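One chain comes next, on its own, written out as structure tokens in the form predicted on its own.
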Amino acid sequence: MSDILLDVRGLDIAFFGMAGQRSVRDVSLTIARGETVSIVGESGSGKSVSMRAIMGLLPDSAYVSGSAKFLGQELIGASTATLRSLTGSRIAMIFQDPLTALNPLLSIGDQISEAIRIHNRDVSRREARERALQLLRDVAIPFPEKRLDQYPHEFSGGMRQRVVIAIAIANKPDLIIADEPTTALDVTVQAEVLDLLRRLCRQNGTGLALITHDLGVVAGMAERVYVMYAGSIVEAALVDDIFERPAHPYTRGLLRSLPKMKDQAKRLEDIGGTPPTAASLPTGCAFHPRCSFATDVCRKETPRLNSYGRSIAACHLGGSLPAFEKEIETA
């Protein structure tokens, strides 16, 4: 257990005014030192809110219960002082939109220096600036000496994301949570940012929680995958098993919605219907209204996570689904 950075057990999240309805239900996951774990699912599935809850970044209207231990230290219910001492130093987050994550009134150098000095009081302004300059070099920002005194609006989207990554790694954290870090980037810049994250995590032995809806990114980055639907984990497995032998119909639907290299003229498949909200969860399996395999038991009984081969899945039919044709190659 000494290699486990984050151990989440039974995480539940509800918001004021929801009359006891939970947005996230019984989420359990682990992330080990140096491991890249991906959390995937449609928008609204609970990916980001789960990780924000762990970091104490939800509003006061949120009610969070369960356990989330970082290197054995409980985060759920921890004091503000404890969370502040950990977030930004031992645990860092890369937000989805780098433009809103950066302060438009401060120079890039000042923002990186601030991230260093707030957790290292003995570091001088000059030392922090030198460290900020080196961080810009580490994330491959061109002309870093000039860029240090520029402002976020003077950077492209890809360069802003690199700055956010520089801030995230400034204090050499044990764990980085990356919340869809490539969503707004074109594919070329996306590949560069992902390669940068991969290299930095390997160099520092940093664990990476990658939140994304892009299964192509998952194939190239992750070692293990958690699939979320309607606030719960419905499948967890090694990345190769997710793509070759998905045990949950929802995972299969996500994979079938990817562009097909073999038949590019074929229309993309989709998952019919829409995900339920916390206030409109159906009885039984939350996915059954959209599932072509659903039976009466699926409509009546909520499935628990069970082992199916090397995967675990919350599906009554996980062991009897027909063989799945692999659609894309994993990296």
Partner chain sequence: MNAYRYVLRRLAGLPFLLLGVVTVAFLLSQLSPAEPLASILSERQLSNPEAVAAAKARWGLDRSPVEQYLYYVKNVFEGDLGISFRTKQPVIEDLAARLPATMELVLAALFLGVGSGIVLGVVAARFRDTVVDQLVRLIALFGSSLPVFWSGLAALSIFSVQLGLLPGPGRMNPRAAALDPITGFNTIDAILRGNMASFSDAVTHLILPAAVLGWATTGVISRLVRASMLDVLGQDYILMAKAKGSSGLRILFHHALRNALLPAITVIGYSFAYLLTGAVLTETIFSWPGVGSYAVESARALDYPAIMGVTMLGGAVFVLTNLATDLAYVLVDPRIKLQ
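Worth saying up front: this structure is predicted, and the values here are computed from it rather than measured. Positions refer to the first chain, counted from 1.
In what follows, reference is made to the form predicted together with the partner chain, a form of this protein that is not presented.
> Which residue among L102, L148, V239, A128 has a heavy atom within 4.5 angstroms of the partner chain in the model of the complex?
Replying inline: Result of the distance check: L102.
>> Quick check on this chain: which one of A191, L71, L106, V123 has a heavy atom within 4.5 Å of the partner chain in the model of the complex?
In response: When the partner chain is considered in the model of the complex, the option within 4.5 Å is L106.
> Does the partner chain get within 4.5 angstroms of any non-hydrogen atom of A32 in the model of the complex?
Replying inline: The answer is no: A32 has no heavy atom within 4.5 Å of the partner chain.
> At the 4.5 Å heavy atom threshold, is F243 in contact with the partner chain in the model of the complex?
Replying inline: No, no contact at 4.5 Å.
>> Is it the case that M55, even though its partner is missing from this view, gets within 4.5 Å of the partner chain in the model of the complex, heavy atoms only?
In response: So M55 counts as contacting the partner chain.
>> Check F95 for me: does it contact the partner chain in the model of the complex (non-hydrogen atoms, 4.5 angstroms)?
In response: F95: contacts the partner chain in the model of the complex.
>> Only one of these stretches, 219 to 227, 191 to 199, 160 to 168, 133 to 141, has heavy atoms within 4.5 Å of the partner chain in the model of the complex; which one is it?
In response: One stretch meets the cut-off, namely 160 to 168.
>> For the stretch 107 to 131, I need every residue with any heavy atom inside 4.5 Å of the partner chain in the model of the complex, listed N to C.
In response: Heavy-atom contacts to the partner chain in the model of the complex: Q111, E114, A115, I118, H119.
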